[in-house]
Each structure stands twice: as C-alpha cells, then as structure tokens.
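Given next, in structure tokens, is a single chain: the form predicted alone.
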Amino acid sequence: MTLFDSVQKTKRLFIPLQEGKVSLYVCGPTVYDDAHLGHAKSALVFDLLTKVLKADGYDVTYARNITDIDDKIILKAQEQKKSIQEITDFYTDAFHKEMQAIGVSRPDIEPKATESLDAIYQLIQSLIDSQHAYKTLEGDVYFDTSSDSAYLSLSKRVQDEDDKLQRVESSSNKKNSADFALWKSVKDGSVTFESPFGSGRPGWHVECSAMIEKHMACGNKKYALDIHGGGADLLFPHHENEAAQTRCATNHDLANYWMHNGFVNIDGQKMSKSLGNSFFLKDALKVYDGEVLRFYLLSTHYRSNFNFNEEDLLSSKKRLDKIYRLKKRLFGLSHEEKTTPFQDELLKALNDDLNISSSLALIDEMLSKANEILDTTGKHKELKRDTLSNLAYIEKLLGFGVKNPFEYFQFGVDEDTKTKIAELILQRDEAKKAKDFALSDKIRDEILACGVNIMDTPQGTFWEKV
C-alpha cells in the first residue's frame, strides 16, 4: 500500500511500526451541534482506509476521539438551559446514529476528553518540567513554541503578521505570539476542572495528544502511532500543535504518516456556518438514502475538495443503482466466497492511496460485462457465482450494495405506505392460495396504485418505488 503523506507531500510505501498491526487515530467531532457533510466525508474516508487495511491482512486499531470539553459546548448548554452532559450525550448519540446511517463502523476506541483528564494533566506537567511550557500570572499554561526547533515543520507554514497580531491580542502574558494554551484558567464560575495547575479547562490541542499517549502509543521509540488523520483544516494549527507538544513531552514523534481529506463545498462555496451553508447530515438523510450519500461522498479522491450539489448526487445514485440492479438480477442465488481477478484488481487500486476513480471504473466494467453475458442464452453458472462473490467483496471493502436490492429501491416511500403495501401483499398471497385470482388481481392493482412495482420471486413478493 502507498499513502500520500501530508507532511512529506508525496506518496510513501506504507510500512507499519509493528509487523501485521496498524494504529490509526482520527480527530473526531466536538459534540455541541449536528454533524455536517464535512464530518461525514472525513468519517467515510477513514472508514474506507480501515476496511482496505483489514483486507490487506492487518490487525487495525482505530481510534476516533469525542471532544466533550469546549467553550462552544458550554455556550450551547447555557443557551438551551441544559447541563453539559445533556448536550454532549445528545449530540454524541446523534453523531453515532448518523454515522451508522451512512455505513461508518464504530471505531475500536472512542476516548472522550472528560475521561482523559489525568492523561492531560500528566502531559502538561511533563511539558512544564522539561521547560517547554510555562504558567502565567493569570493561571493559564502555555506551550512555549520557541522551545521547539521543529515547530511549524508539520504544516510548513510561515506565520504572517495577521496570525501574530491575532495571537498577541489573545493574551498579553504569553512569551511568544505563537504560544498556545495547554490549560485555560477559569475564574467566572462556569464549568471548570480542578487540576494541579488550578481551576480551569484543557486547551483543545492537548486533548488529542494525551488520548493518543493513553490509548495508542505502541512503545516505539520514534513514533506514537502509524497514521494520524483528519480534515485538511486541522493541519494547522491543531495537528501542528499536537505534534509539537507530543514531540517535546515524550521525545517521540506523534505519527509516521499524516493523512488529510479535502474540504466539502456546497455548490462551489466552502462549507461554513458563517456563510449559512452548513449542510447538516441529518437533513441530507431525510432526502437521500444513507448509502447513496456514502457512495457520492466517496466518489471523488479523498484529498480533493468535494463540491456537493444535487445534480452530481443524482448522477452518482444512478451509478450505485447499477450495483443493485445486478444484485436484484441474481437475487436468491447461493454462492461461495472465492477470490477472483476482479477482487485482486480492486484491492490493488485502493492500495494506491485509496484510488477511488480506478476502483469505480473497475466496478463499472465488471457490472457491464456481467450484464452483457447474462443477456445471452445459457445458464452461466460460473459467471453468476463469480459475480455474486464480487458483489459481496464490493460490499465488504467499500460498503456499497449492503441492502436487500428490493428494499434499496423503496427509499422515499413513507412508513404508512410501506405498512399498507405489506398488508396488501399478505392479502394477495392469501387470495392466490385460495385460487381467487380475480381478488388477487384487484389487490395487485391496489398495490400498483401506491406508485410501486411488484415482483413475484421464489423468495416471496417484493416491491420497489417506481
């Protein structure tokens, strides 16, 4: 496998720190609001990476954190007159449900900031003891960026005057304008935690470093973990600051490989709440099937910026429909798991830095050839077995085609209509058993009037939206 390293700006052959094992950490949500399409894109990218690594035979440990200590959470709790835990529990649960809807598997480890305070204190104290951090008269603790000769080596960023001015204005007690908070003193009576440094709250950047050391550090003297991932917007300052504090506190680097997915744009504009175009995932799921969103959001390379628009989504859905139409064509046939040349080629494409374009082209070609042969006379037993095995492999590796093919085409039909159709199908079955074909035909017409087509198969009667 080769992966594009965001730091070295080139594809690198992936060599794990421990043979046969991979440690992957991805920055997760701050749970004060609903997940948007940017969250979905990042979660899907690293879900795909995990699946590919497992297909390569690696034992993968995947961690994605939950940030449940943040000023935005406190503000939301005050606005809604609820407790901090009510807010964080609500949005964490919503995040999990929405990720499940788009086929994202839960990580192996999902640490929370509130459950990692001792690790945070320990990391901060290590930085103070090694003179990489200092406490101000206000009670804040800052990382001393001038003490780290490698600071900004991750993002290759050169700070401009606007950066410096903004940072200077944030606190007059910092030694350097670029220094960032490890611990924020709080004296206004709002949510605080008692620490060795006084009452306050941890800085955002220190949370991830502490959680990685607590849950993921594998004992390697050079790196804490194999891969660290997240959105491109996190490279600076978040990942830069994570890398600096870990490097200075532990004498090892944070990650061997850094991966970042591109931005999500809405009709050409970068998704931003200040622009009022933050497209929440929950709203998209009301209109589109979760797997359709998964297919669409993964249909461009993970490092590219993604322009979300309805025209492209509908075009993408037609591509996914072809997988399901072939599944429906072969529905009810049994098959045994086997490896085919197609599967080898698909995995090879994804091992090239998750090359989704080549992967989808291979899938399109397989679907087209299978349908072309199935359209000819003959039983085609071997082709059917191979095709079913290929479809199962696509499902396992990419998460496409996971539903019953008939149910997939039912999306958009309300629950009351689904219940009505199910009852009518039962009545029609009973009429057919009683050989009352006139009643059976009448019920069939009533089902069709619901805007659906019905298919009688050896496995039962199925229907789909017209």
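In this text, residue numbers run from 1 along the sequence as written. All values reported here derive from a predicted model rather than from experimental measurement. For clarity, a rigid core is taken as the largest C-alpha set superposing within 1.5 Å between two forms.
Although it is not shown, the form predicted in complex with the RNA is what the next lines describe.
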Can all three of 72, 204 and 456 be found with a heavy atom no more than 4.5 Å from the RNA in the predicted bound form? yes
According to a 4.5 angstroms non-hydrogen atom cut-off, is residue 209 in contact with the RNA in the predicted bound form? no
When the contact criterion is heavy atoms within 4.5 Å, does residue 444 count as touching the RNA in the predicted bound form? yes
Please determine whether residue 138 contacts the RNA in the predicted bound form, using a 4.5 Å cut-off between heavy atoms. no
Is residue 50 close enough to the RNA in the predicted bound form to count, meaning some heavy atom within 4.5 Å? no
Only one of 325, 380, 282, 348 gets a heavy atom within 4.5 Å of the RNA in the predicted bound form. Which one? 325
Of 355, 125, 147, 153, the one that lies within 4.5 Å of the RNA in the predicted bound form (heavy atoms): 355
Options 231 to 239, 385 to 393, 139 to 147, 108 to 116; stretch whose heavy atom lies within 4.5 Å of the RNA in the predicted bound form: 231 to 239
For the stretch 343 to 366, return the residues whose heavy atoms include at least one within 4.5 Å of the RNA in the predicted bound form, in the order they occur. 355, 357, 358, 360, 361, 364, 365
Classify residue 8 as shifted (yes) or not shifted (no) between the shown form and the other one, where shifted means its C-alpha moves by 2 Å or more with the rigid core superposed. no
Rigid core fitted, is the C-alpha displacement of residue 59 between the shown form and the other one 2 Å or more? no
Relative to what is shown, are the Cα atoms of residue 314 and residue 455 closer or farther apart in the predicted bound form, where the gap shifts by 3 Å or more? closer
